Ligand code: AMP
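Presented below, as structure tokens, is a lone chain in the form predicted on its own.
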Amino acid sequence: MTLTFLEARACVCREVKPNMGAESVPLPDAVGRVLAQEVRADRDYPPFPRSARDGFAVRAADLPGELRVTGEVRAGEVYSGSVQPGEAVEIMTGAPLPDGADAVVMIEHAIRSGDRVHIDRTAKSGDNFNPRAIEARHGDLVLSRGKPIGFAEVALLATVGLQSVSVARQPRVAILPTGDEIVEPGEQPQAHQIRNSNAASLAAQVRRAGGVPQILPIARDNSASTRMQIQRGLEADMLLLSGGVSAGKYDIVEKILAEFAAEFFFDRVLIQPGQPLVFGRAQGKFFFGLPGNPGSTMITFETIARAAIERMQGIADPALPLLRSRLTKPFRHKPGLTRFLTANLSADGSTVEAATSHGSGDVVSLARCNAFLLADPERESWDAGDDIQVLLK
């Protein structure tokens, strides 16, 4: 079955369900994992009206005017009195707003002389402080299951008092390179051979998606070798095969998968590179047959197969890291396929240009680029200055 790019992603997200179970990890180890529990506020946040500026806690109705300074309050303290008409309390950022005050005037807008402070501007009730519970109320849901944990999420988990957290177990992903032409990176290839770069790049991509890679020995272009390694691969939570899925005489991966009663959801996607992409399930395990050229392998994993690993961990809607940038040079392609082309994005992301490439086997170009142009299948050309979608690398 042939699908468009968007149809293929939708198919993967529809078929793959969260299935990894959960484990508890210490909070410092949680970054990069996916939450397997709801997290609720253990109290109001902030738990008191909190000053957002250094300045003076006042009654807005007293301004403009000259006020008597009756004390000060720092973060970590509570002012014992209250602000009466005609009074002010010096306050620091993060300190609780004293009773009676309803605004904070920034120190830059006040002139103090002894125990008097002159403020020549008006203020509104609520200025420059955060009311109690404006961020979250006690019991509010603050993080949901399926949320990827980054540094901000770690900060929130610590804020609500968690020292450990329940996260999705990381899927074990078997990586099976195929082909008689491949030798391992440490070997000296003959003139007609290439080193096995796909297994290494896929392992890096799997780790980045939250999986645990398991690289299998190379399956040679014969049924016995391919069958044995596929059987091993299906013992993992997911199997990624690299190569052997095109229409050549020795591309036998789909035939061998069929021997395992595989269900195929699609076997071609209208993208370039990567058209002969296979997705299915065998013995209860999902598998992807990725095209063997390095660019095809990288692109098809990052844009389609990665979503399966994220879905297994409970991420409801895996996202592509896409942005729009302005082309510095004209660009054309043949409509009909969604194309991903090596590109160089400026440091601020505002401009992009296609990189020189000699096809999906050009690992040098792949390593030198920092992004991929995403060419719409229904559009033929872009002028310099036009916006175009860019996939971050």
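Start at 1 with the first residue shown and count on from there. These numbers come from a predicted model, not from an experiment.
Keep in mind that the form predicted in complex with the ligand is not shown, yet the notes after this line are about it.
A heavy atom within 4.5 Å of the ligand in the model of the complex is found for one listed residue only; from 195, 145, 112, 172, this is 195. When the ligand is considered in the model of the complex, only one residue from 90, 87, 251, 302 comes within 4.5 Å through any heavy atom, namely 251. Not displayed here, the ligand is kept clear of residue 274 by more than 4.5 Å at the level of heavy atoms in the model of the complex.
Looking at residue 291, you'd find a heavy atom of it within 4.5 angstroms of the ligand in the model of the complex.
Put simply, residue 181 is close to the ligand in the model of the complex: some heavy atom of it is within 4.5 Å. By the criterion of a heavy atom within 4.5 Å, residue 177 is counted among the residues contacting the ligand in the model of the complex.
Only one of 195-203, 260-268, 156-164, 208-216 places residue heavy atoms within 4.5 angstroms of the ligand in the model of the complex, namely 195-203. Along 314-338, no residue reaches a heavy atom to within 4.5 Å of the ligand in the model of the complex.
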